[in-house]
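Subsequent text provides structure tokens for two forms of one protein chain, presented individually as structure 1 and structure 2.
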Structure 1
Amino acid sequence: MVCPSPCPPVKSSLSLSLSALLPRGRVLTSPAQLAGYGADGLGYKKYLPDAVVIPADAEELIGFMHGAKALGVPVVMRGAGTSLSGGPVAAQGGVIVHTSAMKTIRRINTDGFWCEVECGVTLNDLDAALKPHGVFYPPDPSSGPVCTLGGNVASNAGGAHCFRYGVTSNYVLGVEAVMLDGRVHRFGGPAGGRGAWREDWKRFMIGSEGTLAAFTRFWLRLLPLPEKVWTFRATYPDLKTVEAAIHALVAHPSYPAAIEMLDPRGVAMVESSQMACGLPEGSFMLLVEIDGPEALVNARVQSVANLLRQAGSADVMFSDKDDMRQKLWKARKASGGLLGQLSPDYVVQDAVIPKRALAEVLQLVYDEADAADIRAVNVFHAGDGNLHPNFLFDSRVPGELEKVELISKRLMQRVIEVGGTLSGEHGIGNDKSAYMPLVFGPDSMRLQWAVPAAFNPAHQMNPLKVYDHRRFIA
């Protein structure tokens, strides 16, 4: 048959195929609908998908995955899109699967301390549902009001309290995953890798950044809510004294749940905003939290306050009262939002270093950023050595993005040299894929490539992520 000119565009044939897989209204293809899916938290890198699908439930997602291979385009999973590493974006085009409708908390089991949740449940919704039962789920990325458990598991998210409690991988008992041909696998369950679901490959799934399968639901481990929480805020005149405080805290028997830091540039940002809270100019701010059984925690309060003073702080404040604790957290919590207001674009880097190298690596960030005339603010999880230098820039100004990328590269090189690694919690995505050979040699890379290929041989799931040459070939 001769095709009447002009031939139908590829996109319309894709949308036709998608309409056969999902009910009406669950497939988005108009440019206005797709515009909101072009980027993640790294807003300056844009990749428009060809289509977005929003399955109503696991059945619809399975139906979509069943026919996805035949679509011949990449498939990219997306929760809330808050990733800061370029993860849930259609870097090679294709279909984004948005999980926003799959948000049922299916079970909270307070006897066995686990819950069963769908992948689109937001972290804060889970927290709110757990609280009346006297239990909690510890991983706490600051994006909690919107980020989803699916995104958290796929990027092995961390957060402020992960210094003591550990990151997401410590709390995932089971993962239900749909493969590209629609087959459903359960890796673990309420009993972890024991009991009925012995295929204990869940650790493989955690942190896989959407490259292996689509996760539909999880079984998560819970803990009893701590009886008592004390929050401390202290400021320090220089890097040497704040570093001494961090080292002393890490070794202290109170075993803090959180040790967070804001550098003087972060302090200046907060103090020049409506969120000002009276922090001394030029100071480094530490935010520390201890929690646990009431009698035990109360007995340790003074020794933590003394430790903070002895390390060189002249203004240590602490409280166990909720309203006061919120005030002490204010500068730390406000900093994320303020960063977004200071410049058209910003990159939050994410690297882990041994704590002994903290001062050296922070100095490198300042030196590199100052030399390139790029503003840098550090707000990070100091207890775990999880650095987050924020580089503020304007991607419309020629050369600015290149400068930031060069600083990031030098930072990552140094991070590796001091014994650290490329990501503490945000994942690799396509932002840091070029740095993978800094850490992994050819043998390791060959094995790592083989794993996603076993799940989807043509690399159809989230191509160009984690490994920059991992491209989908239809």
Structure 2
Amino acid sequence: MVCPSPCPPVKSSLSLSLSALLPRGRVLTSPAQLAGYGADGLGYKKYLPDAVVIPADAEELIGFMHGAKALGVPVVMRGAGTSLSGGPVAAQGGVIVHTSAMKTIRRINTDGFWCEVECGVTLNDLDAALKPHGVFYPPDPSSGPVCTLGGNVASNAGGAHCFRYGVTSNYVLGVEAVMLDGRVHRFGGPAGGRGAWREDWKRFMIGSEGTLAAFTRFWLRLLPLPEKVWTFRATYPDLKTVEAAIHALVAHPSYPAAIEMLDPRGVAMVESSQMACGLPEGSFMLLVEIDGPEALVNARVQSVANLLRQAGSADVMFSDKDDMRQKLWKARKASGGLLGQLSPDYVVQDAVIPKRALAEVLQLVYDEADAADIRAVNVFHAGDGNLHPNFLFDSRVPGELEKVELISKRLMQRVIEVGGTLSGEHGIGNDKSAYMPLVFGPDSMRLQWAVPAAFNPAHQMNPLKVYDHRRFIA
């Protein structure tokens, strides 16, 4: 038979195989459909997948995983794609499994202070559902309106309030995971108990960046909402005075829930936007929060304000009013979006350093970036030393990407020299995989390599992530 011109495209063998695993409409293969899956929040590194599948529920995901091994291509799990390490991208091609349709909050148990949620639930949706019950889930990355809990668990996300409350791993009681052959295992549960393998292997899953299994649901620990919250905003003229304030806050008995810092470039960016909140030009800003029982927190307000002044601020404001709190946090958390408006591309690094090295490492960032004629903006979690230097560049300009990668390498080398580590919450992905030997020796790397190899011997799950030599060979 001769078909009329032009002939309809013949379905590839991969498309046919996927169509047998999932219902019609759940498989995307056209270039226009795949274009939105080429990168995560890191942006400038793009890898188009061969296909994307969107399971409607856990049953469809399990059915897909039953047949995934036989596909003979990499399998990459993806939630909202807001991650900043090049994690949920098809670096070696293959199939991206988009889990955002699995977004049911199954149960909120206020007696036991836990909830059961599916992997596609967004952080802000969970917060909104919990608030009427008088409880909350503390991890709060800035991408909360869109980031999914599956991605948070995969990267062990933190957020502004992790200084006091800790990161995702402190709140995961149980994980339901699907292996590459479709077997379903539950590690832990509402009481943090043992799973079907009679071992608490959920610790392997948290922060595994999609290299071990697919997540379907979680059991998460909750806390009572604090009775009272006070928010402070203080500005400082230089790096020396703001560093003194950070050290004093860390040692203060109020034990702040959050200590965030914006440098003068970050302040200028906020003040030139709709998020402007009256910050003086050329200043470093600290955003501080204390919370807890009302009487106790109220008794500590003046001592925190005095501490901020004594460190060198002539501009201290504080309030227990929610409107001021929301305005300041909105300005802080919108910084990523504002950066995207200033530059075609930017890299957000995620190094963690001892606070004693704060001024030294920040100065290194400024010196290296200025010498390379690359703009650098620092907006980060100062309380726990989790730096987020942002390097703004244009990948279309020859040499600019290479400059940024060289700055990042020098930064990571210095971070390790002062006793820090590569990531506090973003994960390693393929952005920082080349730096792993800076931290871990050959023996440690072999032990770490054994974990994904035990779950996934062919490394079909999310290859070329975390370890730059971890490649899938069909």
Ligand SMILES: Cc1cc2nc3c(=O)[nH]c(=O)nc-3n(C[C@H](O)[C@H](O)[C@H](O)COP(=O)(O)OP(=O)(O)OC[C@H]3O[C@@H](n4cnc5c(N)ncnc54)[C@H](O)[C@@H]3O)c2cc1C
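The term rigid core refers to the maximal set of C-alpha atoms that superpose within 1.5 Å between the two forms. Every residue number counts along structure 1's sequence, beginning with 1. Values in this document were obtained by computation on a predicted structure and should not be read as measured data.
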Pick one: which structure is the form predicted alone? 2
Would you say whether residue 273 is displaced between structure 1 and structure 2, judging by a C-alpha shift of 2 Å or more on the superposed rigid core? yes
